[in-house]
Each structure stands twice: as C-alpha cells, then as structure tokens.
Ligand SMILES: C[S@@+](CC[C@H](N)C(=O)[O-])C[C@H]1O[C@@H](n2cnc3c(N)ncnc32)[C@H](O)[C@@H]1O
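What follows is a single chain, given as structure tokens, in the form predicted on its own.
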C-alpha cells in the first residue's frame, strides 16, 4: 500500500472512531439514549471502511439527518432515502448549516433498488422504519439488494418485551398482557406503533432476506426507566448510566428488555 493510500485508510478508520464519539456532543438523557447505538456504528464503520477512503452510507427513513449529517461530517458519502419531502428539505438545510453534502432521495424502503441501484452502499441504516412499513419482508429484501457483498445493514426496531414491561410499570396490566400475546406486539387499537419485534422475529426477518446476523444490541435498557432530570443535571450519573447501558447491551437476557433492538447483519 502506498503512503498516500495508507494515509487515507488511516483517516477513514479515525472517522469511524469519531462516530462513537458523536454522542459526547450531546448532553444528559439524549446522550444516554444514543450512546450504545453510536458505539455499535463506530465498530461497523471501522470494520467495513474501504482502504481507499470513507464509505458509502444509505440511511433509509433518515428524515432530517440525525445520523446522516454526523456521518457526512466524518467524511462518508451519505444518501438519505425518505418518503417525506418536508423531512428531506429540513435535512438539506441541516447539512448546509454543518457544511456538508448529503444526497436526498424521496422514496420508500421497498423501492430502494429502483432508486439507487444494486450494491449501492457499504452500510445501510434502517432505523425505526420496519415498524411502520406495509411489508417488512419486502423492505428487508430491498435493503439487502442495496448493500454490497461484505457490507452491513444496521436495523433498529422497537422491542416487544420492553413495551409489555413499560405498560405494566404504568399500571396498564391488560395492555401488557396483550403486547405479549399479539403477533405484532401491540397493546390495543390506540397503540401508535404498528408492530414491534423480538430477537427471534428480527433475526428471522434478516436471515430470510439473505443477511447473516452478526450482533444484537439492546438500546435503552435502563435509560427509559431513569428520570431524565437525574442524568440531565448530573454529568457523573450520565456517564455511569452510559457505562451500564454499554455493559448490558449484549447481555443475553438484559438486551431482550431494551426499548429498541439493534441488529447488525452482513451481506453474504
């Protein structure tokens, strides 16, 4: 490897490490809620970063750029696919304010191959989308087609078990029972989340589309049980809670209790 190419590769690895540090610019409860996810993305970016520089990232349902803009700031080439023109307009303003370029494409997850073509990205993000699409299996097939062989898909979904715990903690015991019994993990007609997932249903969805699950993280295991005012007011408490969330994120029992499940799956 030439000195110039080696230097670029090192820069790409440094950018991946910075992704894990992005949450440090946030404070208190917001930082706690996203720390595990950013750390997982840092690990993925370091693993898949091409030797000749930053990678291509597609954020499906990326909205106003909460992940896309920070990733673009790290030097990655980022495309956001979202069905909302208002969200994409906000994304472009946010990117301009940050001095980066993020490609904005209007469309749905299932149309990804038509919008971007096959093998378009080293990393595809699909965060808080599968709960709402009409056909999750079709969306997963589209995500798989968009990622290059050797690349990864980052899936973030609402956890079914956590929903039951939270409804029970609020005194809604019947709702909690319905969450556990319902195939989609819903507690009733007024539930605004169309479906939730368990470890099994999420991994089955990924493998059914031809992806190989690599690692599963629990996101917000404890964070949603702790008063936000506590961690907002005390930096040491926030740090301690982040450490606890990180330690529990891959625990085989505790991760099942997370508000959100995060699965990293690879294109075979």
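Numbering follows the first chain given and starts at 1. The structure displayed is predicted, hence computed values, not measured ones.
Keep in mind that the form predicted together with the ligand is missing from the display, and what follows is about it.
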Review point. Within 4.5 Å of the ligand in the predicted bound form, do 63, 107 and 132 each have at least one heavy atom?
Key: yes
**Study point:** Contact residue in the predicted bound form, chosen from 176, 161, 87, 158 - any heavy atom within 4.5 Å of the ligand
**Key:** 87
Exercise for review: Could you work out which of 193, 198, 128, 98 is the residue within 4.5 angstroms of the ligand in the predicted bound form, going by heavy atoms?
Suggested key: 128
Check your understanding: Residues in which of 116-124, 161-169, 75-83, 147-155 have heavy atoms within 4.5 Å of the ligand in the predicted bound form?
Key -> 75-83
